[in-house]
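What follows is a single chain, given as structure tokens, in the form predicted alone.
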């Protein structure tokens, strides 16, 4: 069975190394291989989620490398999914924290199966993936779907707690794509639930396991009893340990750029003389907690931003504590309480607003692609 590379080798934090990763993407091979654990995936999601690079930037880099839009359409579509979830979040706001289109049913527990959280459900490929999530902060997208299906549709846990658990450990933690994907799998944001049986897992994970609780036909899923290993559940205690607040120095004559968990763009206003502050708000991480590994990752990424200073506190505290001149920040659904000049995200296409399905959104996006 194939395993994922270790974190530091797969997810370097120096900006030059990140740019180098973009040059090694094989967007043509991505299409047919993406669902396999050793498929030609880009491993760029942590940098896109953290706002180090944008979907538009990646797409334009591929165009500059001479790729024709047709053969890389699947890869482009996957980039567009990220923008779609963000547009969805902007439109729906906190509503994405609840069942959206349908009430998930049946739900036996609002917690998470203990064996799932421990990576000990007895399905080798899944248990390995959970351990790799803990050690690397990454898990293959197909395995995310497997996990969500087991938690929601086999164990009948409500999607939100296990979604928070996964988000907590992901270097590419993006609440919109995470929560809305979990809802899609659970049937709360789609018209049917997603299932995968052992044969499917064996195929895409190169395993050959049999006689597991997923070693059934797809017809059996609707009436499948909760496997004994998944019955015990637990409440998670997910907390974020932020750095200790230290005094920062502000030049009151200069404007200020506010960076945060979703914006660590090292080339934003790069040539301007400006105060640069990474704002880590305790209220944000109380609502959307992440692991120490993820915090360490963003602190390392922030080192790409010259003269960055870290402020641990609320936006209003920053304003009241320091005399800030003109304030710039980037568009994001969690920045609505910021005050200053909001700059738009670097969207891949000009398509904006809510669409009830990705494919309605994508249909509009495709019109902007020049073949």
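Positions refer to the first chain, counted from 1. Please read all numbers here as calculations on a predicted model, not as lab measurements.
Here the subject shifts to the form predicted together with a small molecule, a form of this protein not shown in this document.
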Problem - Partner contact for residue 28 in the model of the complex: the small molecule, 4.5 angstroms, heavy atom - result: no
Practice task
Would you please decide whether residue 139 lies within 4.5 angstroms of the small molecule in the model of the complex, comparing each non-hydrogen atom pair?
Solution key: yes
Exercise for the section: Please check if residue 299 has a heavy atom lying within 4.5 Å of any heavy atom of the small molecule in the model of the complex. Expected result: no
Exercise for the section: Verify the contact flag for residue 165: yes if a non-hydrogen atom of it lies within 4.5 Å of a non-hydrogen atom of the small molecule in the model of the complex, no if not. Expected result: no
Practice task
Using a 4.5 Å heavy atom cut-off, indicate which stretch of 333-341, 306-314, 319-327, 35-43 touches the small molecule in the model of the complex.
Solution key: 35-43
Practice task
Check, residue by residue, if 111, 159 and 226 all come within 4.5 Å of the small molecule in the model of the complex, counting heavy atoms only.
Solution key: no
Fill in the blank from the handout: If we test each of 221, 81, 268, 285 for a heavy atom within 4.5 Å of the small molecule in the model of the complex, the one that passes is 81
Problem - Heavy atom within 4.5 Å of the small molecule in the model of the complex - the one residue of 178, 294, 275, 104 that qualifies - result: 178
